[in-house]
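In structure tokens, the next block holds one chain alone, the form predicted on its own.
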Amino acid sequence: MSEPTRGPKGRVEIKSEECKGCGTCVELCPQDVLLLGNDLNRMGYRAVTYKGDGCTGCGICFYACPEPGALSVYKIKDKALA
């Protein structure tokens, strides 16, 4: 039997105006779901963006980010296990 497909395990929200574009979270993300965007924020930094899927909710990017409040990580509960 094949295993049922499961939805995403986590998601990242980035406040682009708070991001300084250092890229630390991009380098440390084990799932490679973050990248430096092309657009500049109001401070002239290339803010990080989330690819939209693949996040596991591990939180490594959150703890690595030197800018408080620039990004948040949310763990998504698996409804099949709830």
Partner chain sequence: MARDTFTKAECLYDRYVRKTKVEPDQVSTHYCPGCGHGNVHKFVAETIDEMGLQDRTIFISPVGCSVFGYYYFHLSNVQAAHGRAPAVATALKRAHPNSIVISYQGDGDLAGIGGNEMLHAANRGEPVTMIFINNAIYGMTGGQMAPTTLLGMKTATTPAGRTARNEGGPIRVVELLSKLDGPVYLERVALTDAKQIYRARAAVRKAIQNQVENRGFSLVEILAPCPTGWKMDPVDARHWIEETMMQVFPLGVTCDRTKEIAPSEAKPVPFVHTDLRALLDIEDESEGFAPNRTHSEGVERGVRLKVAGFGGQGILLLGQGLAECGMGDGYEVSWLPSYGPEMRGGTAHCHVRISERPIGSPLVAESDVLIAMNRPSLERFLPDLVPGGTVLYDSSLIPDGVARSDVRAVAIPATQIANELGSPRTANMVMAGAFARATELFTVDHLKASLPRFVKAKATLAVNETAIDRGAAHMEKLLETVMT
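Since the model is a prediction, treat every value here as computed from it, not as a measurement. Residue numbers count along the first chain shown, from 1.
Another form, the form predicted together with its partner chain, is not on view; read the next lines as being about it.
K.L.:
Would D32 sit within 4.5 Å of its partner chain in the model of the complex, counting heavy atoms only?
P.N.:
Residue-level check for D32: no, no contact with its partner chain.
K.L.:
So in the model of the complex, does E27 come within 4.5 Å of its partner chain, heavy atom to heavy atom?
P.N.:
E27: yes, in contact with its partner chain in the model of the complex.
K.L.:
Find out whether any non-hydrogen atom of G57 is located within 4.5 angstroms of its partner chain in the model of the complex, and reply yes or no.
P.N.:
Looking in the model of the complex, residue contacts with its partner chain include G57, since a heavy atom lies within 4.5 Å.
K.L.:
So in the model of the complex, does any heavy atom of Y50 sit within 4.5 Å of its partner chain?
P.N.:
Because no heavy atom of Y50 falls inside 4.5 Å of its partner chain in the model of the complex, the answer is no.
K.L.:
Which residues within 36-65 place at least one heavy atom within 4.5 Å of its partner chain in the model of the complex?
P.N.:
Contacting residues: R42, M43, Y45, G57, C58, G59, I60, F62, Y63, A64, C65.
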